[in-house]
Structures are given as C-alpha cells and as structure tokens.
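The chain below stands alone and is given as structure tokens, in the form predicted on its own.
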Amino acid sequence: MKYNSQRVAWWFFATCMLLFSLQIIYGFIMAFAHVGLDGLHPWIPFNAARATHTNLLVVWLLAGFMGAAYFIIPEESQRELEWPRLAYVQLAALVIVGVTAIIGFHLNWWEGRKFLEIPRPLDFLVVIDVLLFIANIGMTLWKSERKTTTALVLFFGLLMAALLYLPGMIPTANQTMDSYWRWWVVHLWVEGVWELIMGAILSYLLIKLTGVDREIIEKWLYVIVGLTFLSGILGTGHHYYFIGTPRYWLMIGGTFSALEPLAFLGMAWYGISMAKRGGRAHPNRTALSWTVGCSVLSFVGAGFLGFAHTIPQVNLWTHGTLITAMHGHMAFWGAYGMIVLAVISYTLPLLTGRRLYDAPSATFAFWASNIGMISMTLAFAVAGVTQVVLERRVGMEFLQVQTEIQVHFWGLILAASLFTLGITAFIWNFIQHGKPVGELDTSRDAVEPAVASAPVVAAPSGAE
C-alpha cells in the first residue's frame, strides 16, 4: 500500500464479503423451495427471495468495483484520494440504501421490475451515492499529472455504469417501452460497461502479477474495449425478441450476439498469454489463479454459454427457462465475481501487511468454489434442457414440469454446498488477514515482493 487513503478499499471489500454471504443464503432458500421445502414462505416468499438474491449480487459486485477503484486509482495516479472521508460516507450510504431495499422487498415495497426492483425513492439515493463516488475518483484523476490507460478505462467504465442507471428511471406506462429501457440498464451494464471495469482491473492485476510491460498489456486493453463496444451495444437486441418490438431486432440481436463471445475470448487469450509471457514469479500465486481463472471462465459463462441461447431460433424455446440461470450464474461468477475476489486476494496482503496467500484456506477457496460453480452450472443446464423439452416441446403444464425437475435441484444444492464451502474458506482467509494497518513501509520491496524467493513476512500473533 503506497497511499494511506487506499485503506478505504478494505471496508468496501469487507462489505462485499457480508453481502455475498447473504446472497448465498437466499440462494439456498430458493433452491430448497424448488424441491418442495418451502417452510419459510410465510415470511420469505419466493419472489422476495429471488429479488433479494439478484439485487444482493448487483450490490456486492458494485461494492467490489468501488473498493478496487479506491485502491487502484491512487496508485495509478500517484496521489492520495481527493476526499478519503467522503469514501466512508459514501459506503455507509450504500449500505443503508441496500438494507432498506432488502427490508422493502419483504414488505412488498418495490417496483416489481426484474433486476430493478428497488423503489423509486431509493433509485434517487443510489444515483446520489454513485455520483459522490464518481466525483471522488474523478477529482483524484483530474488533479493527477499521471493518467494511465488502465485508470482511464476503469474510470470511464464506472462513469458509464452510473449514467446507464438513469434509463431505468424513465417513467412509462407501456410494458414494452419499460422493458426496452430496463435492458439499457441491465444489458449495457453486464455486457457493456462492466466489461470495461473488468478489463481495467484485469489489466492492473496482470501488470502487477506478471511483470509484463504496461505498454503491451494496455494495448490488449484497447482491443478488448473495441470488441466490447462493437458487440455489446447492439447485442442488447437479444432481449428484444419477444417483448413487442419490431422484427428487425431478431436480425440485429442475433448477429451482434454472435459477436459478443469475441470480447470474452479476447479476455481469455489476454489473461493466459500475459501470464505465460510474464518473466516474474510473483509470490501471490492465489491472486494470479483468480485473475487467469476469471479470464477463462468469463469466456465459458458469458461468451460461450451466452451465445448458446441468444440466437433467435434457439431463444424461441429457451427464453425465460433455467437455461438463462445456467448462463447467468457462470457468467456473473466468471466475469465479475472472480475479478472482485482476484483484486481482494492481491490487495489484502498490501493493506494488512499479512501475507496469507499461501494458506491452505486460500487454495481450497479457489478450487472448491470454482468446482462448485461449474457443477451448479451443469445442474442448471440439465434442469433447463429438461424443462424446455417437457414444457415447450411436449406441452406439459408448468407446475408439473417443476415437479419433474426437482431431482436436478438436489444436485444443484449439493454443488452449491461445495461452492459455499469454498467461499467460506475465502472469507475465513479474509478475516485472518485482519484490518488495515497504520503507517506502512512504502518501499517497493515491502509493498510488492518482486520474486518468488522474496522473504515472507511472518503473520502477527493470532493471524493464523
């Protein structure tokens, strides 16, 4: 840690861990409901559990992106955050809005619009909160004499994420128009500007972990940005197939959805090739594993599995089924969940002075969570294909089909249990690192060990 204001990132990461844990709990509530064990229904109906699960996903990922920015921007711009105290206020406001929204879901206080369920008054508070965040990192960059490509792409991605929240607030009484604007938020976040955020964080980590020249890595970043904009913007059309929009969206959505895997393939190639090219054996192998794993699984989940069901001729049958859940779980995990855990794994030793990345819990966390998520994806795939055949080809009633595919949800629960063990180990490793320390030695060797043979700092008493 080179700048004291970077420590604010730890509090955002801690919030991530808390919200992620809560999201997993609500995932289990839904999974058990699918197999008929819905004893919590009087207090937590399925629709409330689903809204809570998906919105917690968005909030913990945003908290992770903000924490990453608060760590990366000062280092890239070579100066302290402009308003460190504002960052703490902004985090507190984000948590208050999130808690209020979750309570509201359980009391039927929501808009009922998928992925954008939070009530309108809270929408305005979210906008204010994100504007405070953008102002903080933006002013830090503005006053800096050093503006790297990595920092600018990260800032632009976060800025556009803030601006693209606004279309979801356009009032309309028409269901088709409401869906049209809603996908401007949802799609252009996860298949647009969030990819820029992911690419920038990936660039930063590869520079730090591989030792490859910044110039080479950032040239790749330009390619990824280009592919993202080429495919992602008009790729929004694959959400417009069957909502009452003109037929030309079938061609536009299908064509550009077919190009979307190229951006994620570029990221996979980018991560693997840079890791191979790196001539420096960084000791934090766990962070490197999360980084390269992110680039690979994002292609599998967001690229390949997304392409597999967004062609109109296929989506005609799979739309609104568990096939979407198959793609969504692996895509969010591979592209965004893993990059947040990667940046946490890299920054924790620098923030706390405790290098616990070689602990058995860190290795177990990586393998258990990834094997668990791959298994969950397979369970969703089998259940989804079965649902499509029975419901949309055979013509079986929806609720009867849900009974027929219950057995696959037991497999999903087992896979989710393994995934949860992995995340529990990651959180335990996070706790073991402890809180950020005070003044640190800012010499290069103390901040960032350059070779695998560098001496390891012993953890303070009680840290292991």
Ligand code: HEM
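Residue positions are given as counts along the sequence shown, with the first one as 1. Here the structure is a predicted model, which is why all the values come from computation and not from measurement.
Another form, the form predicted together with this ligand, is not on view; read the next lines as being about it.
A.B. asks: Report whether the minimum heavy atom distance between I73 and this ligand in the predicted bound form is within 4.5 Å.
C.D. replies: The answer is no: I73 has no heavy atom within 4.5 Å of this ligand.
A.B. asks: Just to confirm, A302 within 4.5 Å of this ligand in the predicted bound form by heavy atoms?
C.D. replies: Yes, A302 lies within 4.5 Å of this ligand in the predicted bound form.
A.B. asks: Is V190 part of the interface with this ligand in the predicted bound form - any heavy atom within 4.5 Å?
C.D. replies: V190: contacts this ligand in the predicted bound form.
A.B. asks: Taking any heavy atom pair closer than or equal to 4.5 Å as contact, tell me whether R85 reaches this ligand in the predicted bound form.
C.D. replies: Answer no; every heavy atom of R85 is more than 4.5 Å from this ligand in the predicted bound form.
A.B. asks: What I'd like checked is whether M1, W290 and P360 together line this ligand in the predicted bound form, meaning each has a non-hydrogen atom within 4.5 Å of it.
C.D. replies: No.
A.B. asks: Heavy atoms within 4.5 Å of this ligand in the predicted bound form: which stretch in 99-107, 237-245, 138-146, 154-162 meets that?
C.D. replies: After filtering at 4.5 Å, what remains is 237-245.
A.B. asks: Could you tell me which one of T386, T324, T255, S273 places a heavy atom within 4.5 Å of this ligand in the predicted bound form?
C.D. replies: Contact residue from the list: T324.
A.B. asks: Consider the chain as shown here, without its partner, and state which of S77, T310, N284, S203 has a heavy atom within 4.5 Å of this ligand in the predicted bound form.
C.D. replies: Contact with this ligand in the predicted bound form is made by T310 alone.
A.B. asks: Relative to this ligand in the predicted bound form, which residues of 94-123 have a heavy atom no more than 4.5 Å away?
C.D. replies: Going through 94-123 in order - heavy atoms within 4.5 Å of this ligand in the predicted bound form - the hits are K114, F115.
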